[in-house]
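As a starting point, one isolated chain is supplied in structure tokens, in the form predicted alone.
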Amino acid sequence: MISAVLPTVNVLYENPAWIPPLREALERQGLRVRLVHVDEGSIDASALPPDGIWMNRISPSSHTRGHVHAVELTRQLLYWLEFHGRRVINGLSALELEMSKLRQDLVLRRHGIRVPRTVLAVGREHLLAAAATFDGPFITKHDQGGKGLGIRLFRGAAELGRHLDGRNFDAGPGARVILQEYIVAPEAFITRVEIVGGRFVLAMRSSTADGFELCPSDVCNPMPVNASGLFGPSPLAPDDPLVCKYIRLCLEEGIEIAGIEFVEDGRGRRYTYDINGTTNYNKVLGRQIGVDGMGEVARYVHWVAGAFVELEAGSLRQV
């Protein structure tokens, strides 16, 4: 049986707290899991990578957990793996897109998806000059973001200048700061669409009433969903035109697992602003809507593993 010879799933990760749901779901699919913690390490350019398929689970917020080298080391690891023909789920192209809000904006535009005006700036002078070009309020965020890092609302360049001169200013990795048009939503929530393997999995609403740190995983939210009021189901349909655009984007850009977020203004216009590759799921919300997000990920990985075995067997028959 193919299941008896499925390749090991090598998981590149940096946050141990996010691993148990993924590992349990993969093991329920009969997959062998090898965890590879990434922060410090070495790569022998003359050596072959271990066999198996690989998953990239490195987050842009890894530096906030003390793993300051995780992203840069992962860049080299993924290049090494792909150079040697290893199958990587959410490989180097997906990693690079997740690590830059500016690149996400450009890719979204390429696929005809509405985005808020976005400017990247490095350095105080350029930040203030960029701020002066906005006609209305704008927000700042880290270009390499995650967890709502660096998100603040400003009414103008003078207000930003006072913040830059304060003690709490943090420009984030590489000091790359994003200034982005603030979209006024009639209701305080954003919508997140989860896609796995080119398929719609679920859509959820996340409340922004108390801020923008909206990690949906159970680890990030000790309170039950119903008690916290942070997350709830969205009525967005799988065949919604925007969802279809998201799926096409993922397929064409090499993003196999993603959570994509948008906000809707008072005129019903939807602005997409974030693509998350290291997506997590809330089990309580999943039970409420009847969807096991991590289970869907594991089923997709199992399918990839099976296809990998069949491809290898076909190659051997050709030889």
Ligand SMILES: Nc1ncnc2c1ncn2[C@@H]1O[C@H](COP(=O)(O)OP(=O)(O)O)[C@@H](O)[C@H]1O
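Start at 1 with the first residue shown and count on from there. Just so it is clear, the structure is predicted and the values come from calculations on it, not from any experiment.
Heads up, the form predicted in complex with the ligand isn't pictured, but that's what we're talking about next.
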Although the partner isn't part of this model, could you tell me whether Y182 comes within 4.5 Å of the ligand in the model of the complex, counting any heavy atom of the residue? yes
Decide whether D292 counts as a contact residue for the ligand in the model of the complex under a heavy atom distance cut-off of 4.5 Å. no
Using a 4.5 Å heavy atom cut-off, state whether D265 contacts the ligand in the model of the complex. no
Quick check on G161: any heavy atom within 4.5 Å of the ligand in the model of the complex? no
Would the ligand in the model of the complex be within 4.5 angstroms of a non-hydrogen atom of every residue among V33, H37 and R57? no
Given a 4.5 Å cut-off on heavy atoms, tell me which of 148-156, 162-170, 122-130, 241-249 is the interface stretch with the ligand in the model of the complex. 148-156
Quick one: of V71, L97, A203, I139, which gets a non-hydrogen atom within 4.5 angstroms of the ligand in the model of the complex? I139
Using a 4.5 Å heavy atom cut-off, which residue among L108, I190, L81, V196 comes into contact with the ligand in the model of the complex? I190
Applying a 4.5 angstroms cut-off on non-hydrogen atoms, the residues of 34-61 near the ligand in the model of the complex are none
